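This document starts with one chain, in the form predicted on its own, laid out as structure tokens.
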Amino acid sequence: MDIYEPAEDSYLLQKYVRQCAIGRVLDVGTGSGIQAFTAMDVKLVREVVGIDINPKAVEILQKEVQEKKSRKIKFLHSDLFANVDGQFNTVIFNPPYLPQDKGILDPAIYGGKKGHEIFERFFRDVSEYLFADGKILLLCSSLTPHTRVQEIVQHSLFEFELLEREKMPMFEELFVYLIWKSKLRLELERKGISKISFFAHGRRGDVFTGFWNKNFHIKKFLSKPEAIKVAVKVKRAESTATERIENEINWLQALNKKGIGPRMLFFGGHYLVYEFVDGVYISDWLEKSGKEETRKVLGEVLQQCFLMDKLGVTKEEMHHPLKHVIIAAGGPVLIDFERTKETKEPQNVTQWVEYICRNKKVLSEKGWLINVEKLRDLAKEYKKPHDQVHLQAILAGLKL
């Protein structure tokens, strides 16, 4: 495994290490040690830790430290943060950013198949090793699209400033970024959420996942602090639909009392946090499920729809719930209540019946014959009274 020798990218980053390094410094992928030794000479730096996946590089650098007889700097063998302890004021990263060449393995220059995988790994874990007011100095190249790197940074709930871009021969450009934790990330971490990562785009917001330890403030006294996986739904900056988040918060609080929806844990001004539902979307699940388990799940969702109807609530989307019903180990869970509204004419049961009718082909392949015309007539009869008698008629029509 070759040691990455200093080049134009190293010298460009070095310039900002001299300007920005402070406190306790971590140099990730230290290579020749140029950034670590540069940081060591900065007055406001009190300690430097350089890490590298290449044991040969670490061995050479450790000998150099012994010769310098410096207690301010040390080098460790580590694949990113695997062997790192504590938090840092400054994290430096000049990653391998080249897209992988087929048949050649060299972690000193390749950042993964597309070049940006190493950035994803780095931002998945770096926050745990960064003080709340800490900063990251990051270098990347146009050989790995910098717009993709910016997207990774933002999806990790960090903010950034482009410090400099420098044109290189052969159409390459280098970019140096200063990166810090966003206000939202800081707030979520203060509430005990760690390992935050991007999960999905919604119509009006983004969803992140993380792990929440409600006893985080006393975790040092616990031998095994428990953490549960959570989803964090956040209003996107460009969205004007703040009321949608507020609406979902209000309805989740009410519907959770009836056993409907994912368990909401807490919320803030433009986000909410609920227990992550680990399962499969209903349409994907239907393709593979057996007849009896399908019968059970469709009936359970219908009962939840009936409860919402009795509350005078329409969830919306139940006639086309592609990503609104997740089948988890404990049964079906309804998610996404942004458009939920109070109404005198709730439509949850009738919308769900329509969804079942539209899936007649899938159900018939399981040996379940659905009389669509009869079901739709039963749904019309159910509309006015919304009572248990008419619900039972629908259940009977579905043979549930």
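If you're wondering where the values come from, they're calculated on a predicted model, not measured in any experiment. For every residue, the number given is its place in the sequence shown, counted from 1.
Another form, the form predicted together with a small molecule, is not on view; read the next lines as being about it.
- In the predicted bound form, the small molecule sits beyond 4.5 Å of every heavy atom of residue 351.
- In the predicted bound form, the small molecule stays beyond 4.5 Å of every heavy atom belonging to residue 60.
- For the chain shown alone, residue 370 is not a contact residue for the small molecule in the predicted bound form, no non-hydrogen atom being within 4.5 angstroms.
- When contacts are judged by a 4.5 Å heavy atom cut-off, residue 268 does not count as touching the small molecule in the predicted bound form.
- Of the residues given (79, 133, 243, 292), 79 alone sits with a heavy atom within 4.5 Å of the small molecule in the predicted bound form.
- Here the marked residues 249, 340 and 346 all miss the small molecule in the predicted bound form; none has a heavy atom within 4.5 angstroms.
- Only one segment in the set 371-379, 330-338, 352-360, 29-37 has residues whose heavy atoms sit within 4.5 Å of the small molecule in the predicted bound form; it is 29-37.
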